[in-house]
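To begin, one chain is listed below as structure tokens, in the form predicted alone.
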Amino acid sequence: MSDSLFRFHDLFAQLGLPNTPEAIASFLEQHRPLPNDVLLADAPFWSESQAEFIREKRLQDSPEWIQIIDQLSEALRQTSGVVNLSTPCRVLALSGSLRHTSYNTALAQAAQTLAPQGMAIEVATLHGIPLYDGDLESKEGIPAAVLALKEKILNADALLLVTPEYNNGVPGVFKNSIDWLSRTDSKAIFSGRITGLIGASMGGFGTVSSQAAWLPILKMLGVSLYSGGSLLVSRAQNSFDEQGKLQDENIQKMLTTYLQGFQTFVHASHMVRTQEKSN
């Protein structure tokens, strides 16, 4: 679909419906299959105003709307699942701590272990990335460790940031790495990148301040942030054993739930993007 035409999520907005990828996928799954002998505007799940909007755009012969209305009609008549969770989903879990016994690296590893069927999680750290220095960049170019991390992100379907909290904010070493990555090809790495955000802290409030501090950064980078769930592990020293294994059953359940929601978000996002590109 060209940029001059309305996109799928715009139609949902005009109909007064939630238009996130998750919401669109959920709507289609809930109301399909629509019988072939029922016109889209006559579907029983529309309100009077929604049905009237669809009829009006057809009577007006509005090409910018008719194409996407036809796409919605076709999607609602399909019988196979909209979101296929059996499709492989590759996630890069990036720990924001350098400490060998980091709770956040341990949390990333726990996510790797608890990943739902169809999701493969690779754990990465920030080791080897120097402090950003413009003179260093001009003289030697982008460090090898940054380029290696860039490739891992580009090869994944989604990015999961696993953040500590230092002094109520984002750890400097984590922000520094993101700054380096943005110097390589910020648009390719971050623009529209499906991203999740979780974290662990020894404090009593988990990483609530750190995760909040990440929001303007991630907005600036233009990522597609998953907001359908959250995970803030507090008193992390009580949740992991001496070998770094997550032993808190409640946190295990919360992490599993988060990953399942994140997986659905990844597949729903890909579904919507594929439909937009094909029209």
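Note that this is a predicted model, so its numbers are computed, not measured. Counting begins at 1, following the sequence as shown.
Form predicted in complex with a small molecule: not shown, discussed below.
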Just one stretch in 177 to 185, 130 to 138, 161 to 169, 108 to 116 has heavy atoms within 4.5 Å of the small molecule in the predicted bound form, so which one is it?
161 to 169
Quick one: from R77, R90, R99, K152, grab the residue that has a heavy atom within 4.5 Å of the small molecule in the predicted bound form.
R99
The small molecule: the contacting residue among M202, I142, A120, A148 in the predicted bound form [heavy atom, 4.5 Å]:
M202
